[in-house]
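In structure tokens, the next block holds one chain alone, the form predicted alone.
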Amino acid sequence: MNHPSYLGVFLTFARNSLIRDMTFRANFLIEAVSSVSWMIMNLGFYTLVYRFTPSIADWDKYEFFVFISTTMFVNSLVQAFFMPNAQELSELVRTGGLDYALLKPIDTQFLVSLQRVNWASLGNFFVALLLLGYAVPKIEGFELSVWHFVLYPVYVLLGVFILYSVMITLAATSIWLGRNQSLYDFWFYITNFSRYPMEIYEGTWGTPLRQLFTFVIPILVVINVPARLLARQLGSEQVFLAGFAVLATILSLLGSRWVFRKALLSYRSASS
């Protein structure tokens, strides 16, 4: 029996999603413009903040713009490729659509994770490219090397994989709960910690939060590691965090895989 080409299957999913989006062009444009407008408004807010302060947690204006760009890269990829599928999983469980996914001669997690692509969410990806190209040359005393261009996209992808691991773990709980309508809200609450430099988490409450969301639920390394790599001089702390990010990605993917497979063992067909 021939095994399916996973790349070929994904490309088919992506093509079908693009055709579906282009069938409703007005809706596609509204989604893309709304997403880009929201990020531009956020950028405008921080531009106003930097009119009154030279730095936020030792990040100057252009360093923080790199941080924002990295956030946009990671979030646009997650929202384009994984978020719509994670939200759909609870509906598959409720209606019995997961039965058909289990019968396909392809890995079930792959199928339910990538069967739909939200192309409109990729608008922020191109905005992030423009912002990064504007901000990086303006960072004083910082010289880019080939390694920066190689490692930065690698760590952006590692951040995407960590967020995917958290997302698919949350989505898998719908198999036990039947429905998980609060997935997006809970996802927002957790990932909201990754939107700011980890230096702001100091003091009685901040330090425990930083430790928790760095070493237990590694949300803070998602944006901070690639942003630090491109915007700041490489020091011992950055090297340690970069090494830990690789380990955290591997453990996150393995952990989410275990949870997903464990949840599937508990699945009962909607008709049973």
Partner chain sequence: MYARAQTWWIILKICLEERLVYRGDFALGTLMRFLPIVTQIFLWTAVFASAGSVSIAGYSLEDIIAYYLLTMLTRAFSSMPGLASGIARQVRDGEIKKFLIQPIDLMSYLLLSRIAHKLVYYLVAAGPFALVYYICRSYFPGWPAPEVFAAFLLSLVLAFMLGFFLEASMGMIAFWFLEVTSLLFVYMLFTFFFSGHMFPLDMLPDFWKGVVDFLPFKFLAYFPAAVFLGKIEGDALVQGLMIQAGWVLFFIVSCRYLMRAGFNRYSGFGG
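Positions refer to the first chain, counted from 1. As the structure is a prediction and not an experimental result, all values here were calculated from the model.
What comes next is about the form predicted in complex with its partner chain, which is not displayed.
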**Asked** Among the candidate residues V239, V246, V216, I30, which is the single one with a non-hydrogen atom no more than 4.5 Å from its partner chain in the predicted bound form?
**Response** I30
**Prompt:** in the predicted bound form, which of 90-98, 192-200, 163-171, 136-144 comes within 4.5 Å of its partner chain (heavy atoms)?
**Reply:** 192-200
**Item:** V49, F52 and A57 all contacting its partner chain in the predicted bound form, non-hydrogen atom within 4.5 Å
**Value:** yes
**Prompt:** Do L212 and its partner chain come within 4.5 Å of each other in the predicted bound form, heavy atoms counted?
**Reply:** no
**Asked** Does its partner chain get within 4.5 angstroms of any non-hydrogen atom of G206 in the predicted bound form?
**Response** yes
**Asked** F126: heavy atom within 4.5 Å of its partner chain in the predicted bound form?
**Response** no
**Request:** Could you confirm whether W176 comes within 4.5 Å of its partner chain in the predicted bound form, counting heavy atoms only?
**Result:** no
**Fill in**
Looking in the predicted bound form, the residues of 30-51 with a heavy atom no more than 4.5 Å from its partner chain, listed in order, are I30, S34, S37, W38, M41, N42, F45, Y46, L48, V49, R51
